[in-house]
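In the form predicted on its own, a lone chain appears below as structure tokens.
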Amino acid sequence: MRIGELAAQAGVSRDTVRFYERIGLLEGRRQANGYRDFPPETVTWLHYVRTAQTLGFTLAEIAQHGAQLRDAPDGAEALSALLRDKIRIIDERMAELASLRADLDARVGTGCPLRG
């Protein structure tokens, strides 16, 4: 399928498809006429990429995990492990932010809030 059809079916722009191809998330074959050709399963992959981004995964993480998921004997379990790991990272970040908030709150109304 050509880039325009892929973009339309996946609900992304052609520029997004080109960008994903440039950074290695997609691989299209070049036809003799120079047009890109993508297999039909690329639509499913693009939906996965967009969903993963919504869930807080970076494009680098998606690229890395995509290869892991394709090679995993049990894709559902591999995906669950990735989600659990992301939850752990979010929990750690939330704890850091709570600590930072408490520190900022303690400094409000002090004579010089930037002193140790």
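What you are looking at is a predicted structure, and each value in this text was computed from that prediction instead of being measured. Note that residue numbering begins at 1 and tracks the sequence as displayed.
There is also a form predicted in complex with the DNA; it is not shown, and the following applies to it.
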Handout entry: the DNA contact in the predicted complex: N33, any heavy atom under 4.5 Å
Key = yes
Exercise for the section: Flag R70 as yes or no: does it have a non-hydrogen atom within 4.5 angstroms of any non-hydrogen atom of the DNA in the predicted complex? Expected result: no
Practice task
Could you confirm whether R50 comes within 4.5 Å of the DNA in the predicted complex, counting heavy atoms only?
Solution key: yes
Exercise for the section: Report yes if any heavy atom of E96 sits within 4.5 Å of a heavy atom of the DNA in the predicted complex; otherwise report no. Expected result: no
Completion exercise
Assert contact residue (the DNA, in the predicted complex, non-hydrogen atom within 4.5 Å, options I87, L55, A60, A81) equals A60
Handout entry: Contacts with the DNA in the predicted complex, stretch 9 to 25 (heavy atom within 4.5 Å)
Key = S13, R14, D15, T16, R18, F19, Y20, R22
